[in-house]
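First, one chain by itself: the form predicted alone, in C-alpha cells.
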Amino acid sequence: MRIMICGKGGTGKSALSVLIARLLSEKYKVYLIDSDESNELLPKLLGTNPPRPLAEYLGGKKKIFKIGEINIVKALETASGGIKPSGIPEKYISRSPEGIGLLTIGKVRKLGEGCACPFNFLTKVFLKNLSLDQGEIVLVDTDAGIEHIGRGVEEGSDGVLAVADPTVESLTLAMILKDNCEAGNKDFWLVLNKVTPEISEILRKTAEKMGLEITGTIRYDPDIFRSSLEGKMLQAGDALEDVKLLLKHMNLL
C-alpha cells in the first residue's frame, strides 16, 4: 500500500510519518519517502543518516524532465519488472534502527536553481510504477500544501492521510484533498494533530460543518516538540498511543 501524508506547512507531517512508520514496522516492511524538497530533519527524527537523493541517481534535477517517464522507469526497474524499493542501490536508501527504509527524492538548496517541479514528477513516476511485495508499505512525507495535486502525484498512491493542525486553513486544504481522492477513487483519512481537548472539540465541530469525517486525533505531545527542537531522534508519549488508535481506524493495525 502507498499512502501519502499531506497537509499545509507546520501540521506535523514529518513527525507523524515517523511515528506511523515505527508502529507499522512491527507488522510490515516499511519504506518512508521524503518528497519534501525543503525539510532537513526527517533523517534525524527517524534515527538514521540522510541517503543520497534519488534525483542524483538519475543524473540530477535538471535531467529528470529530459529523461522522461519511460526512461526513469527503465533506470529504476528491477529484472523482475517494476520499481521495487528493495532494488534501489544502497547508497540511495538508509535504514532506521527499526529497519525502516528512508528514500529522499531531492532538495532545493541553491539560489536560482529553479522550482521543485522535477522532484514532484519523479515522485509521481516512482509511485505509479512501484511494485510492492506482500507485507510492504510505502509512506510519503509530502511537501507543504497541495501543489502536488496539480502535478498529479496522488495518481500513484492508494490513499491520502490529511494532517490538520488547529487552523481552519488546514481543514480547508483537507477538504480539497478529500474531493480529489473521491474523484480519483483513492482512500482518504483525516487526522487532527497537536490538539488539546478544548481545541479538539472546536475542530471537530468545524470539520463536521464542512462535511469532513475525522479518522483520528493526536494530542499535543511535549516529548515530540522537545526532540524536534533538539534535532534528535523523535520521542513521543501520549501521541504514540493516539497514532496506534489512528492506524487501527485505518485498518492497518
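Every value quoted in this text rests on a predicted model; they were computed, and no experiment measured them. The first residue of the shown sequence is 1; numbering continues from there.
Missing here is the form predicted in complex with a small molecule; even so, the following discussion is about that form.
Chemist: Only one of I218, V30, L203, I64 gets a heavy atom within 4.5 Å of the small molecule in the model of the complex. Which one?
Modeler: Going through each option in turn, the one that passes is I218.
Chemist: At 4.5 Å between heavy atoms, is R2 in contact with the small molecule in the model of the complex?
Modeler: R2: no contact with the small molecule in the model of the complex.
Chemist: Even though the partner isn't displayed, in the model of the complex is F225 close enough to the small molecule, meaning a heavy atom within 4.5 Å?
Modeler: Contact check for F225: yes, within 4.5 Å of the small molecule in the model of the complex.
Chemist: Look up in the model of the complex whether I20 has a non-hydrogen atom within 4.5 angstroms of the small molecule, and give yes or no.
Modeler: No.
Chemist: A15 near the small molecule in the model of the complex, any heavy atom under 4.5 Å?
Modeler: A15 belongs to the contact set for the small molecule.
Chemist: I need the one stretch from 22 to 30, 54 to 62, 208 to 216, 192 to 200 whose residues put non-hydrogen atoms within 4.5 angstroms of the small molecule in the model of the complex.
Modeler: Within 4.5 Å of the partner lies stretch 192 to 200.
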